[in-house]
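Single chain ahead, written as structure tokens, the form predicted alone.
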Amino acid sequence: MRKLMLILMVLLVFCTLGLSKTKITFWYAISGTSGEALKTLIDRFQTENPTIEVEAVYSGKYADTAQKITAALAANALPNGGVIPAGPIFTGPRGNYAILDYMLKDPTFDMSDFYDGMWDYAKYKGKICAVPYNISTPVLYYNKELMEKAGLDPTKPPSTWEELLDYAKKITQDTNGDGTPDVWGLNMADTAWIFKSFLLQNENDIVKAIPKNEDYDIVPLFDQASALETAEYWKTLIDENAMPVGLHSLAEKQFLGNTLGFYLGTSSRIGTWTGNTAFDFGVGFLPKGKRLGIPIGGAVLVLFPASKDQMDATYQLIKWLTQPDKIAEFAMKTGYIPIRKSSLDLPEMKAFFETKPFYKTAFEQSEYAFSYWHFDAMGTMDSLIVEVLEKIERGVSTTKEGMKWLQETTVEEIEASM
């Protein structure tokens, strides 16, 4: 009897070991339709991988998540991984390139199937320390009804800076005669991102990395003539009544309220807005300057240090989420850019483009996608861009004074962060 009990206990131990799970915590900074799409994928991953338990936690908006990760680093209480904005800032500076080690040792992970510009978005000082994921680019949303009212062809949105200015001026109207336009031609919510788009299109790469003693110095390029020209174009949009002063926080409401002709903003709105507006709108490439230049935005997948079994499990989740068919599914549900080239060749994606041409427009911009490497003061730099644009728009600063201040202050902030 004792032998039988012993055998049963041994069998029970083996069964328990066989069913034991590795639990990981995974934070994600996307909500709404996008968050639901990600959560659906994670649930399916768990079904297919019963030995891994994923505690998926919505960590708040981008700024909130960045603050939480900073606090977690200080308290040594990091999650195992997640979809994190500015992810390379929280891995690379701390010598955490574990995700790169996993990918290089994994012959089934095809890094060449990702767009180069998207890998740049996952680098810290030139070295990969994250995996691109919910990547977006700014696109042109245009109100066909307002274009037609202004005598413009609603099937031909502006494709150049000159046309954008001209068309926006024609759409701007003071319909109630109170002396202030209540219909505007152009606006955007994320002024820093759009201004960087304009810089890229004017052949200015925003910052450059200069090699220095096996490291790199990050140097802003706001003192170049191309940057000043970009700021002058921005001021012209204001001076010629194509864009309102200081109303950028209302840009989305203006567009959805049928009082804005052109909205420049993230491609991730395509999934949210399609079929949900009271007017017909279209989606196009950003109007170009001297070239097409599309800055990358969004968040990346990161892997934080933990026990080997937890890191293995987290990498397994990251790898699963970035399989071509999973990327295609996520992109089709959200409007984020497919980060893998092979995703675009899938039959379901081709069929999707036939019925959803707006998405195709956004995805085709990937060919012109650009990103500079992450650096510690990049968030501060964006805040400075917002500040100087506000001064330029209101005439508090000239474009020349503003760009000089932006250059000098950004340099100071970069040096202080080193």
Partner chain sequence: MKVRFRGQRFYLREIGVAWLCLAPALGLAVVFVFIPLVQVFFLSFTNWDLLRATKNWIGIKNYEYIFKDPKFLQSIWNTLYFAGVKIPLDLVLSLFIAVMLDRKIKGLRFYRASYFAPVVIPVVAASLIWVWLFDPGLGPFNQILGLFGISPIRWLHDPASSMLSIILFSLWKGLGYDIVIFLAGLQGIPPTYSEAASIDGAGQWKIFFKITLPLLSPVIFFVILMGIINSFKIFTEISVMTPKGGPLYSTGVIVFYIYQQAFENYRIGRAAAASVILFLMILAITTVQRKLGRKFVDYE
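On a predicted model such as this, the values are computed, not experimentally measured, just so you know. Residue numbers count along the first chain shown, from 1.
Although not depicted, the form predicted in complex with its partner chain is the subject of the following passage.
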{"item": "Candidate from E53, E36, E390, E364 lying within 4.5 Å of its partner chain in the model of the complex - any heavy atom", "value": "E390"}
{"item": "A278, I210, A74, A225 - the one with a heavy atom within 4.5 Å of its partner chain in the model of the complex", "value": "A74"}
{"item": "Candidate stretches 90-98, 284-292, 314-322, 158-166 - the one whose heavy atoms come within 4.5 Å of its partner chain in the model of the complex", "value": "90-98"}
{"item": "4.5 Å heavy atom contact, R394 and its partner chain in the model of the complex", "value": "yes"}
{"item": "Exercise: D178 in contact with its partner chain in the model of the complex, heavy atom 4.5 Å", "value": "yes"}
{"item": "Partner contact for V386 in the model of the complex: its partner chain, 4.5 angstroms, heavy atom", "value": "yes"}
{"item": "Contact flag, W184 vs its partner chain in the model of the complex, heavy atom cut 4.5 Å", "value": "yes"}
{"item": "Sequence-ordered list of residues in 28-66 near its partner chain in the model of the complex, where near means a heavy atom within 4.5 Å", "value": "A66"}
